[in-house]
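Shown below, as structure tokens, is a lone chain in the form predicted alone; questions about how it binds or moves come after it.
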Amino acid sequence: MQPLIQIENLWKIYQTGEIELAALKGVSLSISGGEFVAIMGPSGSGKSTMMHILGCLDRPTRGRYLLDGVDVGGLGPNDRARIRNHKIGFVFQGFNLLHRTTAIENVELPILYDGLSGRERAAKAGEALERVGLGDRRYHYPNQLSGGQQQRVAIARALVMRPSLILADEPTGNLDTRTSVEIMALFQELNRDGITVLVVTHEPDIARYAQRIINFRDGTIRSDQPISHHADAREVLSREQLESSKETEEEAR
């Protein structure tokens, strides 16, 4: 079976005057459709550069990147933009929502130029919001939503084009611990529905919800290991809820 992502001897070199800086040094990896992968590494390790290339936001200096069998590294700007819009959903640490537009209008943004009527766009955006549990918040503005709800809107926006791949860059970086687990529970649910999920994180507690962890350092992959017993975010939330109920009962006594 053809992998969804195939990286072969990938290099990314930035030129500053006469100085060359290699952000990626001959990286090779393969990711199958339906995997949930965490990418980790310290600042400057190459993980963000890799994420930009995987998202067709940047091109490798040399080497090949095949997405669903297509060598996207050799495509022009328009073709890369088309792939970004239809195959990849992006989720960022800072949510990247437009503050003067409602949740449903934010989710509609990727389909504004897709030739759909306003009613069809609203229906698709509403369906995506329902999927992330925010169907009743569709007309709220970002400043009327919690951080976790704003991230859910961002995830709905990533889902609205029904991508095969979600790239999430530090998606829990601005969230408290419990909300972070809730967001990871949502990613796990989407992954169970067949969407491939790649999360960049520096937090081991977040990476443990993935099925596989790839560690970058100095532009190379230092380790790539499956997690045989990855954490189930739903179970974590259930345990927290049970413990909270017990504490409430004890206080009532």
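Definition used throughout: the rigid core is the maximal C-alpha set that superposes within 1.5 Å between two forms. All residue numbers refer to positions in the sequence shown, first residue = 1. All values derive from a computational prediction rather than experimental measurement.
The form predicted together with a small molecule exists for this protein as well; it is not shown, and the discussion that follows is about that form.
Among heavy atoms of Q225, none comes within 4.5 Å of the small molecule in the model of the complex. The closest non-hydrogen atom of G46 lies within 4.5 Å of the small molecule in the model of the complex.
None of the heavy atoms of A233 is located within 4.5 Å of the small molecule in the model of the complex. Put simply, L10 is far from the small molecule in the model of the complex: not one heavy atom of it is within 4.5 Å. Contact with the small molecule in the model of the complex, judged by any heavy atom within 4.5 Å, is made by just one of P42, P204, G194, G69: P42. Core-aligned CA deviation for E235 between this form and the one not shown: less than 2 Å.
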